[in-house]
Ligand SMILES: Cc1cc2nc3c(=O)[nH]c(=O)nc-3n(C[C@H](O)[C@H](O)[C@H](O)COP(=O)(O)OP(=O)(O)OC[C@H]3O[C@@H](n4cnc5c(N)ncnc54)[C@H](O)[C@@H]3O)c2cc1C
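Here you get one chain, nothing else, as structure tokens; it is the form predicted alone.
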């Protein structure tokens, strides 16, 4: 079954977009995600001829990406409402693919943010098939990169893993980003968050858009991981990579505000995606409870099972409500980061708890790959760590109170 839409006031256009994306999620994302998940080698996921590339192509054809939304004449609230509906349906289809498709356009947003006609012309071409990534996390520095405070990189802490140094009208980039960069080994361009050095002195963080076809850029192998196996992740290496100074257009003075804006958007997106995953797990459990016979009747007719499913429903609808309210509020430009964090933390925790409960309802069948529950559980568990582990995010969100 599909849970009813209880959002009040959705327009016919919004419902039509939701239904279009739901069809894409049901007919493309979910079955392809399941098949990619079963591939033994993550290199097979991104190999030539992989189904992954058809997913990207069909997604672009829908015209529902971040760039398309920004180019529309929609007011900010309508845009936020539609984006929340899209993300939830994509998360319902496959959370890992939803993240990959969303972050693929990240560089276009930043090129526009720069206001530089050269960058906009280079990275925002119509019908471009370039794939982007958010290159922030480092092998030695995950959480530290959120504020890039020089004192956090002093001994006994390790020095930054990726640095940029000014050289006339250019920057020279050296170092690496960790294996957790989403789209890392398939990206053509990245939004790079790194450390700015002057001689031996760390000045703080800087941000820019870096094409990966430049001399000195290389990539590691795709990460082999527990969940979200359809989402490519991997290392990126920089060996004396020279970029024009205009490409790294955000300096230390604006680094933290930009991080907070990006984290607000990323966590808000994560919230809506994983609320969709939670909804999928509940729907699977309800359907199975009507099919599985025990005690002479479908298990869904046993009162204790009805109570379990109802508790799962309350969690799912609470998550859907929160993530949408946060999406609408932040979409109006308020930018309350701690609410976006609350959205991400609550939705990912809900997705994991509901998927775990749903797997229990499936019993032994839930542990097998014949049924979808073990994949949903693995995917949801991964979401509690990516884009900031939930424990750290709670600390960061709490600091804003």
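Not measured: the values here are computed from a predicted model. Numbering follows the first chain given and starts at 1.
Missing here is the form predicted together with this ligand; even so, the following discussion is about that form.
In the predicted complex, this ligand sits beyond 4.5 Å of every heavy atom of residue 176. Among residues of the shown chain, residue 143 is one whose heavy atoms approach this ligand to within 4.5 Å in the predicted complex. In the predicted complex, residue 267 stays away from this ligand, with no heavy atom inside 4.5 Å. Proximity of residue 10 to this ligand in the predicted complex: non-hydrogen atoms within 4.5 Å are absent; the residue sits far from the partner. Of the listed positions (327, 195, 87, 228), a single one reaches within 4.5 angstroms of this ligand by any non-hydrogen atom in the predicted complex, namely 228. Scanning 136, 273, 319, 164 against this ligand in the predicted complex with a 4.5 Å heavy atom cut-off leaves one residue, 136. Of the stretches 279 to 287, 195 to 203, 110 to 118, 178 to 186, only 178 to 186 has residues with a heavy atom within 4.5 Å of this ligand in the predicted complex. The partner is not shown here, but in the predicted complex the stretch 356 to 389 reaches within 4.5 angstroms of this ligand through a heavy atom at 382, 385, 386, 387, 388, 389.
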